[in-house]
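Let's start with one chain on its own, the form predicted alone, as C-alpha cells.
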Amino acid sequence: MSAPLLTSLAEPDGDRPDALTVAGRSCSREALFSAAVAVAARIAGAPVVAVRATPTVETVTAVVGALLAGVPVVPVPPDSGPAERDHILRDSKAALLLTGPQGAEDAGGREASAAPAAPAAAVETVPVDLAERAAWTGPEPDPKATAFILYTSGTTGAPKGALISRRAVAADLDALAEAWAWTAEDTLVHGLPLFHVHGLVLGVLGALRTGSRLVHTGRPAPAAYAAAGGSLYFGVPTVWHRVAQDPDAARALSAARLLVSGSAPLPAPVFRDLELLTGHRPVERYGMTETLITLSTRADGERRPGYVGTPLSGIRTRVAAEEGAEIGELQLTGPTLFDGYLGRPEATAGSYTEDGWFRTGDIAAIEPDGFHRIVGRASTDLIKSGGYRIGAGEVENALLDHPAVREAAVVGAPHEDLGQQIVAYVVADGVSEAELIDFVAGQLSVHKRPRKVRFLDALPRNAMGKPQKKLLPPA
C-alpha cells in the first residue's frame, strides 16, 4: 500500500486548532480532513473536477477532497474572463466546478461572487460547505494517477493543460523538504495565488505533507507577512520588492528561518536589500509548471544573488549550448516531470529532445561548482548581437543596480548591422539614456550595453509579477 500524499492528514493526533489559516479563518487538520472527506464522497467517480481557486479554506478543502477521492483537480483562476474559464473547463472536460462562499476574495483582493457567470461549458457548480460531514472511505489512489491538470499560459495559442501525477508532487515536496530542512516544526507563510505550482502545490500541499502549520495571508502584503510570525516564507520577486520597500515589515521577518523566492528571477538589489534588513540571504529556486521545482539553493548552503542553486534530489540537468557559447537551453530529467499535455501529443513530443530530456525553453549557465544561473527565456531573453549571445537577465540586473532604476526589462530588437540590438525599458527618475548606457558598459562587457533606452511609467506584468515583454511598446 502506498504512503498517503497528504501525510499529515493521515495522523491528525495532537492537532492544533490553527493548523491551517487562510485570510484570517483557521481550522485544524482534523476539521479540514473531515470536511474534505465529505467533498470526496460527493465527487468520487467524477473524471475531473475544477476548483475556483480563491484564497479560502474552502478552496483547500475542495483540493484535498479531490485528492482523497483520486479525482484530478483543475484550479481555475478566480479572476479569469469567460473565454479563458470556458476554455479550461471544456478542454479539461471537468464534470464539476467546486466553489467557495459568497463574498470570497479573489487573488487580487477584490470581492468575488461564489460562482462566476454561468459558463458556456456544461459544468455543474457545487459549493463547498465546511460543516458538511459524510461517512466515506476509499483507498489511497495510485501514485501514477493524475493529481492536477495545471493550465500554462503559453506564448502562443490557448493555454495547455499539464498533467501532474501524484508521485511527481510527492517526489518534489520531499526533495524540497530535504533541501530546506522543512519540518512539522515550521510555520509556512505566504499569500500567493492558489492556481499555480508555487502557491498551491508548494504552498498548500507542502504544508500538508510535512505537517507544518500554514498561514495564507489572503494577499501578500508586507504588513500581513510581518504579522504572521512564520519561520518559512514564500514570495515572488514583486512581493519581496514590496517587503524591502517597507523596512519595518522587513525587519519583522528577521526571526524567520528561511525566505524563499521563486516564479521569476529575484533582482540582485532586492536580494541585497532583504539581507540588509532581515539578516537573511534569500533562498532562490527554479521550476516550471511542467517540471515542478527542480533547482534550489539550500538551507545549509551558499546563496548567491542571481543563482538558483543546484539540482534537487533525483534531478539531472544539462545545457545545450552552441560550440564556444557559455549559455544555452536548460534541459532536465527526473521524477518531478509532468506526464504530458492533455490531448496534445504533438506538443508533448515537441517538449522533449530525441534522447528524452525535457526542453525548458529557458537559457541558463552552469558554473563549474554546479550552481545554475537562469538567463531568461529562449524566445525573448536570448539576444544575438554582433556575433555575441547575451542574456537579457544579466543586463537587467546591471540596470537595476543603478540607484535611479526601479524596474527594467531588456529585449533584442532587429538591427541591420548587428542582427539584434539591445533595447532596455526602464522605470526610473532623474537619469538619462546616455547615463544608463554608460553605467551598464562600466558594469559588464561593452558589447552588453543597451543601444537604446526607453522610459516607461511601469512594466506590464502578469499575476505572478513576471514582466510581460510581448506587451512592451515597439522599440
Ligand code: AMP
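The numbering used is simple: start at 1 and walk along the sequence shown. Everything numeric here is computed off the predicted structure, so don't read it as measured data. C-alpha atoms forming the largest set that superposes within 1.5 Å between two forms make up the rigid core.
The discussion below concerns the form predicted together with ligand AMP, not included here.
| query | In terms of non-hydrogen atoms within 4.5 angstroms, which of the given stretches 176 to 184, 398 to 406, 91 to 99, 286 to 294 touches ligand AMP in the predicted bound form? | reply | Of the stretches listed, the one contacting the partner is 286 to 294.
| Val74, Leu259, Leu312, Val308: which sits within 4.5 Å of ligand AMP in the predicted bound form by any heavy atom? | Here the answer is residue option Val308.
| query | Of these, Gly161, Gly206, Pro265, Gly230, which has a heavy atom no more than 4.5 Å from ligand AMP in the predicted bound form? | reply | Here the answer is residue option Pro265.
| task | Evaluate Arg85 for contact with ligand AMP in the predicted bound form, applying a 4.5 angstroms cut-off between non-hydrogen atoms, and reply yes or no. | result | No, Arg85 is distant from the partner.
| task | Answer with yes or no whether Asp273 is in contact with ligand AMP in the predicted bound form, where contact means some heavy atom within 4.5 Å. | result | Contact check for Asp273: no, nothing within 4.5 Å of ligand AMP in the predicted bound form.
| Is there a non-hydrogen atom of Asp362 within 4.5 angstroms of a non-hydrogen atom of ligand AMP in the predicted bound form? | Yes, Asp362 is a contact residue.
| Is Lys384 one of the residues lying within 4.5 Å of ligand AMP in the predicted bound form, judged by heavy atom distances? | Although ligand AMP is absent here, Lys384 would touch it in the predicted bound form, with heavy atoms inside 4.5 Å.
| request: Give a yes or no on whether every one of Thr152, Ile374 and Arg389 sits within 4.5 angstroms of ligand AMP in the predicted bound form by heavy atom. | output: Answer is yes for this spot.
| said: Please state whether Arg42 has a C-alpha shift of 2 Å or more between the shown form and the other one, with the rigid core used for the fit. | reply: No, the C-alpha position differs by under 2 Å between the shown form and the other one.
| field | Relative Cα spacing, Lys448 and Ala264, in the predicted bound form - shift of 3 Å or more | value | It is closer: the C-alpha separation of Ala264 and Lys448 falls by at least 3 Å in the predicted bound form.
| Closer or farther apart in the predicted bound form, the C-alpha atoms of Ala264 and Gln420, for a change of 3 Å or more? | Distance between the C-alphas of Ala264 and Gln420: shorter in the predicted bound form, by 3 Å or more.
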